[in-house]
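The data below hold one chain only, encoded as structure tokens and taken in the form predicted alone.
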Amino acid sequence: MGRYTIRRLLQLIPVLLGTTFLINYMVWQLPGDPFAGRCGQRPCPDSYVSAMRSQFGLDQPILVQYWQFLKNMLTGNLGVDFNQVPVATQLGDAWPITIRLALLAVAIEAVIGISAGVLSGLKRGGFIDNVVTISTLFLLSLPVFVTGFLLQWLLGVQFQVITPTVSDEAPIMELIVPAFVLASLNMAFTARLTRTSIVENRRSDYVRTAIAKGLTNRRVVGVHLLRNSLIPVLTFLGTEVGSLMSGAIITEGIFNIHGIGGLLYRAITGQDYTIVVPIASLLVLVYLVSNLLVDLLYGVLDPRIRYE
């Protein structure tokens, strides 16, 4: 596994370089000048636009800009945004909050989704299966913002179980309901995917062999059936960390969470690409690392998988 891990890490380098170069090229080549409309109702003077373009290196060739970006990312010196606020400071304040929110959402998604899917698959056609099917259909039919506003109104305003908005520190307890909202849609997908995998693998030869050997039902399900059925579910969950971070804009906006989602949204609307590019590049890195970890966990779930 060590050689496989090293080879995969080396494979990540050209992928990371290629994607970050495309991000830099596409963002900075978008039509319109990000500095032209930063003087209110009046057009900005040409001297101001030229000075800003020179400060942020936009008057340089794209390869020079990308090389400077790589050096800044490796050294952690991300410079300042268009408002002269350090980018690293803003990312340092927002990233921990979004990471907590995303990891908590993945945990809720995995625990509830897998549990519901396993029970539904084992009790196929029964009452539990019907309840899970109806519940997942209900969650899939609701947009995330509807679920968010509904839970905020019910739990925060009507029953006053939670605070309607999250404080600046964003402790774990205050992030439970926003994490549930963020995970609600994918939780339904996880439950359905787990159910389908359980139903298919129950008819497999290795399950019949385990039952014929006289193994207990708990051991058949826990050791043989569940481990093999979780492989496609693990693949789905592994890609969720990055997508939940980038897709948390709506949830963070509803609950007033000062995370990456809100920071990215404000940067996009303000055309402040000094923030958009580092966030997009870091999300690419999160995707690549999470996919690598998922591939390594395959061998833990299924001993038949060998890494060479």
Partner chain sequence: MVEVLSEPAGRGSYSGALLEVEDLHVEFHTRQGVAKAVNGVTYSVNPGETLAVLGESGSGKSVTAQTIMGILDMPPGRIAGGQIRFRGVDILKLPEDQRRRIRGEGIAMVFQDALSALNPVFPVGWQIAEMFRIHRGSSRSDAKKKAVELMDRVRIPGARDRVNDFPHQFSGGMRQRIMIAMAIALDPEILIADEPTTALDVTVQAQIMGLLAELQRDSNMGLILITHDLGVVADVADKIAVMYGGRIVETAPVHDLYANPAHPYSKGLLESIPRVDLKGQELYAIKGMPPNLLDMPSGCAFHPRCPYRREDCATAVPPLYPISGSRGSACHYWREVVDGSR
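All values reported here derive from a predicted model rather than from experimental measurement. Residue numbers count along the first chain shown, from 1.
There is another form of the same protein, the form predicted in complex with its partner chain; it is not shown, and what comes next is about it.
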**Request:** Scan Y206, F149, F138, F236 and let me know which has any heavy atom within 4.5 Å of its partner chain in the model of the complex.
**Result:** Y206
**Prompt:** Exactly one of L142, V223, V80, V199 has a non-hydrogen atom within 4.5 Å of its partner chain in the model of the complex; which residue is it?
**Reply:** V223
**Prompt:** Taking heavy atoms only, is T75 within 4.5 angstroms of its partner chain in the model of the complex?
**Reply:** no
**Prompt:** Is the gap between I134 and its partner chain in the model of the complex 4.5 Å or less for some heavy atom pair?
**Reply:** no
**Prompt:** With the cut-off set at 4.5 Å between non-hydrogen atoms, does K213 touch its partner chain in the model of the complex?
**Reply:** yes
**Prompt:** Heavy atom to heavy atom, is L154 within 4.5 Å of its partner chain in the model of the complex?
**Reply:** no
**Message:** Partner absent here, but in the model of the complex, which of 102-110, 223-231, 67-75, 186-194 has residues with a heavy atom within 4.5 Å of its partner chain?
**Reply:** 223-231
